[in-house]
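Below: one protein chain in two forms, given as structure tokens, structure 1 then structure 2.
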Structure 1
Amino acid sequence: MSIDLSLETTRTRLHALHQSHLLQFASTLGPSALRTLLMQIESLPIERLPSMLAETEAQVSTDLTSLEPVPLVPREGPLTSEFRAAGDAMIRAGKVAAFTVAGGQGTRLGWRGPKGTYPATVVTGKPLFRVFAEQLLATERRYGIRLPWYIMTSPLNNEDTRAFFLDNNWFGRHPQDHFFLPQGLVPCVDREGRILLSSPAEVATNPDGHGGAILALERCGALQDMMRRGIEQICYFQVDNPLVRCVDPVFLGAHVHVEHSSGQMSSKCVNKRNAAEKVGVLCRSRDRETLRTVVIEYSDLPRKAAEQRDAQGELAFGAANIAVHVLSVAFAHTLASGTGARLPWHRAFKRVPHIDLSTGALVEPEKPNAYKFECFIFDALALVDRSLTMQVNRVEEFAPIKNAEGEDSPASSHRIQSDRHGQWLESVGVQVPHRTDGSVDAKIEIGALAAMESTDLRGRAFPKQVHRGQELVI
């Protein structure tokens, strides 16, 4: 299509949608910038905006009065070996893929590149992507298989992410086993529903949330690719947790255990540290006759429920969501195909820099001025018949890096990583120094190629003792 024709078509479309201002500066743009703007506008779901605004008018859709604690299946319990055997068989049969969502903007951490490139480990500073890649490599070696890895990026970080894998020679894995899928972008709108421009030639947008994974998997052909490879289950995890067990046989086996789960979508949780911890909580909510698993954001959980204790004195609503799931390919396909229910939109009122239409100048607002829309992956849980929630040990599996400082920062993650690896060494008889608060007083890093869990260390020789403040890499 010629650029003039494309301009006219876009003008007509935007006029019908009351968003004509997006072309306000079109006459000042050179051909290349104009073409880019027109292509961007064409790719955005502008027709859906009115319904997204209406749908998100009431922010909390779950009936908070009907919440119940979710039943938990412990990872370490009487069924662990049965789960593990089932999961081992699925992995060995090549029915499992890894899936990392890495399309976020990582604004809180403030790292320049994609978050997966962040140096995350305690001593050698391995980037997050390498940490996961080594785990996948170790899994491949253990089971004698090839393990495909799907990585959701966003149009904002896709190129940098791909370049990082290429520069690192795919971390020693087969290049063909990597599949990058850029998620969708949605426009940012002001209170009146007008889309903002971030420059005269660009619409202000944001990635459509981790829930955008479902649509991206379908749109980019990843689900098709999985079906072609005989993949049945997808191990979903976020890019910011260096302790995640990317492909956990015990979790996989529990996920397909008919007594506990419909095998559509399962979750892992850890115990909340305290009632006030700012973390989403897995609960159940009554939907007519059925109890559905839902995640309630910390800000929405009524205080009374947050502080409620069970008969054992534990927090009744203490199942902290760590965003680790298994989803079946069939379930993801049903969700994405648009034939059944789809994920709801959420909106947040944020500060979004934008162009003042009367002056053409860039405005950096001091207060929130615009809505950003996102979908959340955990909303899919409410669409599942019987969803399993597996309780795991926090120190073993959860050390997220979200903030530059304080909670969930590189420093707090490093402490937890050393605690985990200190415990592993203690389990094989090594003496490890502790601080008065119980944390390990040394920097200990154990790579997945050396061990994926403590039992992998058995029968190997180690120094008798780790010294206070020592840096140790295994």
Structure 2
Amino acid sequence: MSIDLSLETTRTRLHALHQSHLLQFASTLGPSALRTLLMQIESLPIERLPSMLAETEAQVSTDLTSLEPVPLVPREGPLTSEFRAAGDAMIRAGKVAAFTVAGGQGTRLGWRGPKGTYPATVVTGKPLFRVFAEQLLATERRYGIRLPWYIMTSPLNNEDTRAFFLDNNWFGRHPQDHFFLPQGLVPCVDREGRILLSSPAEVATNPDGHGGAILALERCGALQDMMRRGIEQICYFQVDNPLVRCVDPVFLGAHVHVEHSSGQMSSKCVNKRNAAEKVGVLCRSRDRETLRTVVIEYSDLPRKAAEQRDAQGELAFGAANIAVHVLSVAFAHTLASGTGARLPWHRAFKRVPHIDLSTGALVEPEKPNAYKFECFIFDALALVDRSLTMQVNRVEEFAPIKNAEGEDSPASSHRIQSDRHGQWLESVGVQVPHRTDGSVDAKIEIGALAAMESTDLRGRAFPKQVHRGQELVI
């Protein structure tokens, strides 16, 4: 199609949607810039904006007075062997896929590039993508399967992410078992619902949130690819946690256990460090006569609830959400296709730089001036029949790298990684030094190709002792 024909088609579409101003500067643009603008406008869900505005205007907040602690199923408990057997069977039958949300950049860490390329391990500095790839490769070898990996990128890092996998020879895995899908974007709008321009040739947009992962799976054909491969369950995790169990047979088995779950969507949690930890909390909220699992952000949880203790003296609302889920392909398809329940949109009023339509000058607002829309993956929990929450050990499974310093930083993650691997070595009789606070006083790194859990180390020969300050790689 020629630019002229595309321009007229776009102009007609925008006129019907009362957004014609997006082409106000079209006559000043060169062919390349105009083509880019037209392609961007074509890709945006502009027709959905009125319903998104109406939905978020009328949105009812969770009744915080009806919250109850969510029932927890421990990963290490009386049913662990049963769960593991069921999960093993699913993995061995090729019914499981991994899905990583990796749209972020490493800007907050001072890293130039996709966050998945950030060096995350204690001694060798393996990038996050390699950490996960080695887990998946080890899983493939253990079960004798091919395990597909779906990776959600962003428009900012999609090309760099693909190039990173190619440059690293797919980390020893089959290239065709990787599926990259870019995250969706939604326009930013002012109070009247008018879409803003960030430049004469670009619409102001923002990513559609981690809940957009479900929409991206459908839009890019990934769900159809899963069904063609016979995949039934999706192991969802975010890119910043090097200790995540990418494909956990125990979690998978619990997820489909008929007494605990409907097999639609399940979550993992760890105990909060303290009442003030800035993390979302898994709770239950009453919807008429039904209790639904929800995630309440730390800023919304009432202080009284945050500090409440149970009979054992533990935080009653201490189930910290670590953004690790399993959801069925069928449920994801229902959410994304619009044939049933779907994820709700949320909006936030933010400062968004934009072009003044009368002068063409860039405006840098001092106060919030526009709505940004996004959806959250955890909102899907309230849409399932029965949702399971599995409690796991923080040292075993959660050491995120989010901040340059302090909590959830490379330094804190490295310490937790060493603590986990030190405990693994102690479980097979190796003496490991500790600091006065109980943390391991050494840098210990055990790669997934060597062991995916402590029991994988049994029967192997190791030094009798790790020395204080030693760097050890296994």
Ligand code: UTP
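Worth saying up front: this structure is predicted, and the values here are computed from it rather than measured. Whichever C-alpha set is largest while still superposing within 1.5 Å between the two forms counts as the rigid core. Residue numbering: sequential along structure 1, first residue numbered 1.
Peer 1: Between the two structures, is it 1 or 2 that corresponds to the form predicted alone?
Peer 2: Pick structure 2 here.
Peer 1: After a rigid core superposition, would you say the CA of Arg75 moves by 2 angstroms or more between structure 1 and structure 2, or not?
Peer 2: No.
Peer 1: For Pro365, is the C-alpha shift between structure 1 and structure 2 2 Å or more after core superposition?
Peer 2: Where the cores coincide, Pro365 still shows a C-alpha shift between structure 1 and structure 2 that is 2 Å or more.
Peer 1: 2 Å or more on the CA of Asp437 between structure 1 and structure 2, with the rigid core superposed, yes or no?
Peer 2: Asp437 C-alpha, core-superposed: shift of less than 2 Å.
Peer 1: Aligning on the rigid core, what is the distance the CA of Met52 moves between structure 1 and structure 2, in angstrom?
Peer 2: Core-aligned C-alpha shift comes out at 3.3 Å.
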